[in-house]
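For reference, the chain that follows is the form predicted on its own, supplied as structure tokens.
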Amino acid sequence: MRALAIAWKDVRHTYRSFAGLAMMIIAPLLLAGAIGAAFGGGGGFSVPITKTVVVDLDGGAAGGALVSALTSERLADLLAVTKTTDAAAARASVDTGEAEVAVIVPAGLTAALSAASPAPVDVEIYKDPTSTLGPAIAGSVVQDLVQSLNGARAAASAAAQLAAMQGITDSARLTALAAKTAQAFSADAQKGGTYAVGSRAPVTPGGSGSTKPNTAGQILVGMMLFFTLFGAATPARSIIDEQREGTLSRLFTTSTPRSVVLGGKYISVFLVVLLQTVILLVAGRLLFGAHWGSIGPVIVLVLAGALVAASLGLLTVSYAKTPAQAGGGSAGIFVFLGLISGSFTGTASIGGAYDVVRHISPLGWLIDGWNHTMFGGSWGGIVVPVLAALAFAVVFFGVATFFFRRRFA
């Protein structure tokens, strides 16, 4: 009971500070709201549809493949494609702002692919210099398919050369063989749609009951995890403050054991973070309409996050001798962990190598867990992230306890 009394005193002191509340509650909500408003409040980051004009001067199989790729249903929410036969008019539409990019398929593309000795042919991408994202999407689709066509052309050339080495000299037979090889290669490469840019819903382990969290909710998860570190550091620094002011020493002279006093401090850090997390989740639901997922996994993730933040907050204070050292050291560590773990993008994962690197931080694992449950997942997908985060918490807690014992021995 004494430990709880000490903890409750520190919790009340922390939440009576407006500066503390601004850092713990107001800042993450403002950042999540601002970023969410900038990228749209719907499910995931919204990308404006790019007005694209396609000109097929080839009229053959290769040109048809390029047009089909750009007009596929998977790209319907990224590209609004208009077909025309006039290359000059297509360029003019970009110049006048009616379109952002024009893709011009040159004449002779299919013939070049089927030729035994193909001549280079270029697909033209004419874009608005003030637009970046839209032309990049269209260009990526074209580049991916052009690579496939180049592979088909190389296969056709190799087939013709092999046939010639076997004694086939009839040019008609060589041309037919090259054309069939190119067609087979292209058909295999395009089977199932292997274009680099597509439009699909996030992979959601929740099956048919999966949900799409809005952008503000996704960002708020990262902001919440990041600012709980600062929330934990505030009551943790009270240990140094009370030591310098002498109040902690007076507590140690009472009949209350030192382990109980420090235990009360530990509990206060955990309770501050736990309350901070609950407030942010409720506020996110009311202000942004955020959907957090099934209640069971959410509770587990909240408790795991509070334990991680509390143990790390205690660790960053345990080695410091002054409040200034604790504040400066903690801020540097927290910002580094926030950047490396993806806290500023929340569950909107960037992907690639970054998804691997961010797992050196417990926040990265917790973001994985939140990503799973927010997209409709249940217990199975949070087991590994929660266990990994708790492993970090145990290590942080053990090191912090070691330093505090040495200080107050």
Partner chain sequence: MDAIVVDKLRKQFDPPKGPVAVDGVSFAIREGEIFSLLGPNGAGKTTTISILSCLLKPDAGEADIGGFSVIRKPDEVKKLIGVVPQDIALYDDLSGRENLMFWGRMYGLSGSALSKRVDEVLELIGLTDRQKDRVDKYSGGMKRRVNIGAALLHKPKILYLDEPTVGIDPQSRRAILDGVKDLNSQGMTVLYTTHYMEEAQELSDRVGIMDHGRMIAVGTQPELVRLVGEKTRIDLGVDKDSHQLAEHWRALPGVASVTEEEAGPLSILAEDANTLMPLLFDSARAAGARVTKIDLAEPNLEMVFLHLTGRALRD
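No experiment lies behind these values; they were computed from the predicted model shown. Residue numbers count along the first chain shown, from 1.
Another form exists, predicted in complex with its partner chain; not displayed. Remarks below refer to it.
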property	result
In the model of the complex, the one of T322, T85, T247, Q147 near its partner chain [non-hydrogen atom within 4.5 angstroms]	T247
Residue among L275, V94, L251, A111 with a heavy atom within 4.5 Å of its partner chain in the model of the complex	L251
Partner-facing stretch of 223-231, 333-341, 252-260, 85-93, counted where any non-hydrogen atom is within 4.5 angstroms of its partner chain in the model of the complex	252-260
D128, heavy atom within 4.5 angstroms of its partner chain in the model of the complex	no
is_contact(R406, its partner chain) in the model of the complex, heavy atom dist at most 4.5 Å	no
In the model of the complex: members of 1-31 within 4.5 Å of its partner chain, any heavy atom	R2, A5, I6, K9, R12, H13, R16
